[in-house]
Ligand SMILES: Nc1ncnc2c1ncn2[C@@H]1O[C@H](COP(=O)(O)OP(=O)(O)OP(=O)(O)O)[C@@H](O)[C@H]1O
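The data below hold one chain only, encoded as structure tokens and taken in the form predicted alone.
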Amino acid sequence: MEENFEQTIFLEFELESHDFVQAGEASSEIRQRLKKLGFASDVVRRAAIAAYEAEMNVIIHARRGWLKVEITPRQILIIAQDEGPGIDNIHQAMQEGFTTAPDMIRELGFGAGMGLPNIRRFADEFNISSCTGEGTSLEIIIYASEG
């Protein structure tokens, strides 16, 4: 871990609906920053995957949204918030393979219904809340070490 890394680092990314040109840039920057800070490769991988899945969910489903990251020596907190249709049935949305992505998105290779299950799988802590017609909020925590 980088010796000077004592204070919380904040990152924020604005995400736009169907912006597949910039898709993945936020999670890529998060990955690079975590590597540079000296986090273990497994921690970097899990955080990058969770951030990517959250980022893509916003781009695919919402009108717009934000990915906010707080990095401390002990943990990475990723918050994804969007203004979108919300999720009618969170339990169903958490099932592998369930998707509400339109055919156009699936034809591009996205929307396979693995985003939320992958986030849950790679996070140490995961919370989701959603309000139909307003949007969805995810809170993802990845611990820096097993302890």
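The first residue of the sequence shown is number 1, and the count goes up from there. Since the structure is predicted, the reported quantities are computational estimates derived from the model, not experimental observations.
Keep in mind that the form predicted in complex with the named molecule is not shown, yet the notes after this line are about it.
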Check your understanding: Within a 4.5 Å heavy atom cut-off, is residue 100 in contact with the named molecule in the predicted bound form?
Key -> yes
Check your understanding: Taking heavy atoms only, is residue 110 within 4.5 angstroms of the named molecule in the predicted bound form?
Key -> yes
Check your understanding: residue 37: heavy atom within 4.5 Å of the named molecule in the predicted bound form?
Key -> no
Practice item. Report yes if any heavy atom of residue 43 sits within 4.5 Å of a heavy atom of the named molecule in the predicted bound form; otherwise report no. Key: no
Revision key, fill the gap. Exactly one listed stretch (26 to 34, 43 to 51, 66 to 74, 92 to 100) reaches within 4.5 angstroms of the named molecule in the predicted bound form by non-hydrogen atoms, and it is 92 to 100
Review point. Which residues in 73 to 98 have a heavy atom within 4.5 Å of the named molecule in the predicted bound form?
Key: 82, 85, 86, 87, 93, 98
